[in-house]
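The chain below stands alone and is given in structure tokens; this is the form predicted alone.
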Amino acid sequence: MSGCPVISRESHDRWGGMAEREEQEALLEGSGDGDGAGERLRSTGESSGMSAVCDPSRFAHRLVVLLIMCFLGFGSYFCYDNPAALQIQVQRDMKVNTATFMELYAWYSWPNVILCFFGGFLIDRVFGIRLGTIIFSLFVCIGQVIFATGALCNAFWLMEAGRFVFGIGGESLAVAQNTYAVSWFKGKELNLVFGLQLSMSRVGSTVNMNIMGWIYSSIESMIGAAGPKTLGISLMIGAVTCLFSLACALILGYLDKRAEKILNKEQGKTGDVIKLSDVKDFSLSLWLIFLICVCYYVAIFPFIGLGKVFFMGKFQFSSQEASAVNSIVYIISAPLSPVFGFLVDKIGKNVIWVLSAVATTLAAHLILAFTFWTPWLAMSLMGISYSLLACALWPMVAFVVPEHQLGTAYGFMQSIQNLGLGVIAIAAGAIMDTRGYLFLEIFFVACLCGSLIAVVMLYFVDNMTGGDLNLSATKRRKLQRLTAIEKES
């Protein structure tokens, strides 16, 4: 939700950067002899006499698995931005200011400052992918129910506790979802699968932004009054999507267990190896990537969390119009994420892509801050640049870190991202309460300027150290082949 989103909801994005490497490994494994994994699975399936939909080795069955896999994170992404979709109602019914309201996002981020290091370990070594996915789905469900109960009981502290529990499950569930993807689709379909999963997650965020206000209004009409009870019932209805995702986790666990028995298929593993001692070996380029990540995302997710009221106040939008324009970032990222991922893979030049994304987002915030141009333009630019940055930034970690340190590097990147998002969410709410939206936009512009400076520094540092962050895809492949040849000799 950091990922990510966010407030990190970007857990998907780092896996997209590793997809090409996973594909190459799969091809190498299958190319050595005629008894590759794919052939063994096909031969087993053909001799079983099962229909294509029921045969785990057949494409039709894997399509069913993919559909369930995509819906696995739907509930988590839908409920993550419930506060943003109902900001006016939450602040009015619970009688809290903006800073306190933004603590709902901060409490989601706090557990993930730590869990980013241990989510993969829990999946690989403790629970296993199937049980781990169910447990994390339960955390998401229980957290949303506690969140809704807090509203019903008019207890904001209980709502915060619910978001904390929700956060424990949300990010780790995204890791589990991607682990399933690698387990079932390691090969030529993997990039497409990651793109579809991310797109479906963004659909969940978009639906939330556009439907929760209507649900609240409908409950208010039925009860006859607004208030904590109406808010709690609305949030409890949102919890139904989490139950749906839990059902997907149970079905997926059953299908994976069944495939293991039929095909002698191993459980999926994240491949993450976390060693905090690796941090001392991180290069300047990697620290600059971390800085770009934090400074960029703190200008995206907290803004979306507060965006609805901003659009209603500055542009005199109705509640429905404000929700629609606030969700445009997610709407655009759903189809564009896989497209940009393909382009970055084929062209390379990652630093230039990141520079373009940060500069475009900066322009979008300047338009929102200092003009009265239609916000659809600025938010569309933000959606395009947000999608582009995710595809270009996260894979760069793999270019500057040895493979045995990747788990630590990505874990640390997500950890400081969540830390930054938690702190900035509260700071953004305080700025809004004391200074208003103009100063808040100036604050976001300052964060993006920091990100822009870090990108420029990264460009020069990479050039001076002979790195390959900004190489074309063709040159990078040649360099990787030469490196592989040198290692063999």
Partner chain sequence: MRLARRLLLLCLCQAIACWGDSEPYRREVHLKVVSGPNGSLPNLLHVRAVGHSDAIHYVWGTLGAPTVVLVYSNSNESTLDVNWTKLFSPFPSGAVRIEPAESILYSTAIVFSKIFEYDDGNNTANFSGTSESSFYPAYNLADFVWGDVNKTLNSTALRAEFQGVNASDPAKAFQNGSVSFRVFAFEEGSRDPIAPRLLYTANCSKLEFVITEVAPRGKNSRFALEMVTLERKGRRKSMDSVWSIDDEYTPTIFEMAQLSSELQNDSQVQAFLQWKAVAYGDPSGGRDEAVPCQYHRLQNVSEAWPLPGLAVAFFGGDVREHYSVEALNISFGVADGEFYEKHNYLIWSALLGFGTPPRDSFSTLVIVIMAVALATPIVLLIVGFITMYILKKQRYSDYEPIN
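Positions refer to the first chain, counted from 1. Everything quoted here is computed from the prediction, not taken from an experiment.
Just so you know, the form predicted together with the partner chain exists too; it's not on screen, but the next bit is about it.
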Among 306 to 314, 328 to 336, 108 to 116, 253 to 261, which stretch has residues with heavy atoms no more than 4.5 Å from the partner chain in the model of the complex? 306 to 314
Which of these residues, A427, A52, L67, C449, gets a heavy atom within 4.5 Å of the partner chain in the model of the complex? C449
May I ask you to choose, among F370, W287, F127, W214, the residue with a heavy atom within 4.5 Å of the partner chain in the model of the complex? F370
Contact flag, T360 vs the partner chain in the model of the complex, heavy atom cut 4.5 Å: no
May I ask you to check whether M464 falls inside a 4.5 Å heavy atom distance of the partner chain in the model of the complex? yes
Considering non-hydrogen atoms and a 4.5 Å limit, does the partner chain approach I442 in the model of the complex? yes
With the partner left out of view, is R92 within 4.5 angstroms of the partner chain in the model of the complex by any non-hydrogen atom? yes
Near the partner chain in the model of the complex, with a heavy atom at 4.5 Å or closer, the residues from 427 to 462 are M432, D433, T434, R435, G436, Y437, L438, F439, I442, V445, A446, C449, L452, I453, V456, M457, Y459, F460
